[in-house]
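One chain is shown next in structure tokens, namely the form predicted on its own.
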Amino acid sequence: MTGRILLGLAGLVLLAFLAAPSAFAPLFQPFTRNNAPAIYTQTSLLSLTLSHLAIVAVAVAASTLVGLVLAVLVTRGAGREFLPLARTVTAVGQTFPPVAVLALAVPVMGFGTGPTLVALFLYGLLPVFENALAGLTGQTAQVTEAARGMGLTPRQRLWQIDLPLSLPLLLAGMRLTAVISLGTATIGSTVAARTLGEVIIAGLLSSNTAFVLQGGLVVGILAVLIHQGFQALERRIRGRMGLA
């Protein structure tokens, strides 16, 4: 209960800060030097936050779709022989740092949101794929026998049994991807993507710790809220399935 209260308070404080950041200027003023501004005003913090969340949401959705499709393909019949290849492909994003992906994508796609989406998409593939794979291949012998006894076709078993039972693990993979992407998206501002990294970079360039704290705190609170939100959804689904 205490954790939920603290989480709710953090969410309310975040909303208040994004709605009226100037009201929090006295809290950040001690972290400035040479009469520098305490609040980042070059761009609306609310619009940067919404843009940041939108980029992360699109990247997570794309990673989830591709990761889930790959997991389904390599657990069905002839597709099993492509499992090593699928694991290699999904691990590429974890092998190359997002900064390296940005450097390779910018000459092709130009500056902006595109390279950031590519980097986040590749970086988020592995957690979703591995969790979906574990969910699809982790069914008990009783479930397999029950599906066979009901006379379900492979497609019916996939939609009616395998995917629903693997949903909690899939959500866990999405949670990891979302939290990782939320923090990693800040580097997108180095290639002109509109993210909260803009605030952090501005603070680093001007030696204004207040700006760095603002960007970091907003990203940190959002990460905790998203993490807890996914966990609550996982618990609810497990409870409905009798897995809690």
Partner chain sequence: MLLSPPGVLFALIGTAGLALPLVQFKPNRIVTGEGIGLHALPLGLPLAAALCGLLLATCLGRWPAALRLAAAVSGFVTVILSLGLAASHLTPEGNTIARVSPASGFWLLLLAFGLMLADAVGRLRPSLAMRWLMLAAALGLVAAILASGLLDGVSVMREYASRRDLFGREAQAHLMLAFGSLGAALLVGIPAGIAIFQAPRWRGPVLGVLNILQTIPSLALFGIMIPVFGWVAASLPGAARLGVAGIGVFPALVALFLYSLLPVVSNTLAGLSGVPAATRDAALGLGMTRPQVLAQVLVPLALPVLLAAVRIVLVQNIGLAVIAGLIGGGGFGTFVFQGLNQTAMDLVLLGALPTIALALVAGIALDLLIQAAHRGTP
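Everything numeric in this text was worked out from a predicted model, so none of it was measured. So that the term is clear: the rigid core is the largest set of C-alpha atoms that superpose within 1.5 Å between two forms. Positions refer to the first chain, counted from 1.
This protein has a second form, the form predicted together with the partner chain, left out of what is shown; the following refers to that one.
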{"query": "In the predicted complex, segment of 207-215, 40-48, 66-74, 53-61 with a heavy atom within 4.5 Å of the partner chain", "finding": "207-215"}
{"query": "The partner chain contact at Ala223 in the predicted complex, heavy atom, 4.5 Å", "finding": "yes"}
{"query": "4.5 angstroms heavy atom contact with the partner chain in the predicted complex for Ile187", "finding": "yes"}
{"query": "Any non-hydrogen atom of Pro97 within 4.5 angstroms of the partner chain in the predicted complex", "finding": "yes"}
{"query": "Touches the partner chain in the predicted complex: Ala134 (any heavy atom, 4.5 Å)", "finding": "no"}
{"query": "Of Val106, Leu170, Val118, Leu126, the one that lies within 4.5 Å of the partner chain in the predicted complex (heavy atoms)", "finding": "Val106"}
{"query": "The partner chain in the predicted complex reached by all of Val92, Ile201 and Val219, non-hydrogen atom within 4.5 Å", "finding": "yes"}
{"query": "Those residues of 53-75 which, in the predicted complex, come within 4.5 Å of the partner chain by heavy atom", "finding": "none"}
{"query": "Rigid core fit then Ala86 CA moved by 2 Å or more between this form and the one not shown", "finding": "yes"}
